[in-house]
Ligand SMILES: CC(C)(COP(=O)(O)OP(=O)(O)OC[C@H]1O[C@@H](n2cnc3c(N)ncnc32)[C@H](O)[C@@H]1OP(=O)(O)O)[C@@H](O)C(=O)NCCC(=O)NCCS
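Just one chain follows, in the form predicted on its own, and it is written as structure tokens.
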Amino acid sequence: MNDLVTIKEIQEDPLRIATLCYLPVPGDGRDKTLVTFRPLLARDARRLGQYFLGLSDETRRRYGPHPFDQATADMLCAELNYAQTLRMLATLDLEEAEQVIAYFILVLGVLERDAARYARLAIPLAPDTDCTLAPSVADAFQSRGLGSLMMEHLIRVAVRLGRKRMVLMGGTQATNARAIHFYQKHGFRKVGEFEKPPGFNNYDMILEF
């Protein structure tokens, strides 16, 4: 799936960049759980809100691109703009109801605050060919390989869209060893450090495709 895809094609058919995969069930390598990776759709407001409200305080503390409530889910689904941001979901079909178990943001470009930090590192970011990532996984599915499967799919999508590099939205907290290991496993490298808020250290990490 390395063929190029355009934003127009995604706008016409968001499910063009959807895929299916199997997630092993803990304790039984023979059993598999079928997971769908797809873009957020206008009809997803209720299930995305349920996902946000189900996140633990620890997960919320580690991941903060926006509030985690139903009002935010309603707004995101009402204001979809695939030309600027792909909001990718991992979902399960449970008793004829779809449940969101992961939510990854892929900004097709760079945020001003991130670009400013990278400029100070003498690494100019290019909005036309760089992209920005913010991932999250439901607590019950963390450390089960879901994040890696979704990350691999998202990287393929970014490459198909002609992106060359990926940076982390707002960096990652220096105390979040699990996240740092996750990013390094997928090829990110640390390029700088910064404090935000004062006294809290964060790392900037970048992936070159």
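Each residue number is its position in the shown sequence, starting from 1. Here the structure is a predicted model, which is why all the values come from computation and not from measurement.
The same protein has a further form, the form predicted together with this ligand, not shown here; the description that follows concerns it.
- Heavy atoms within 4.5 Å of this ligand in the model of the complex are found in one stretch of 78-86, 92-100, 135-143, 119-127, which is 135-143.
- The contact with this ligand in the model of the complex, taken as any heavy atom within 4.5 Å, belongs to 176 out of 50, 36, 33, 176.
- Checked against this ligand in the model of the complex, the candidates 62, 66, 164, 46 yield a single residue with a heavy atom inside 4.5 Å, and that residue is 62.
- Contact between residue 70 and this ligand in the model of the complex is not found at the 4.5 Å heavy atom cutoff.
- Along 165-199, a non-hydrogen atom within 4.5 Å of this ligand in the model of the complex is carried by 171, 172, 176, 177, 178, 179, 181, 182, 183, 185, in order along the sequence.
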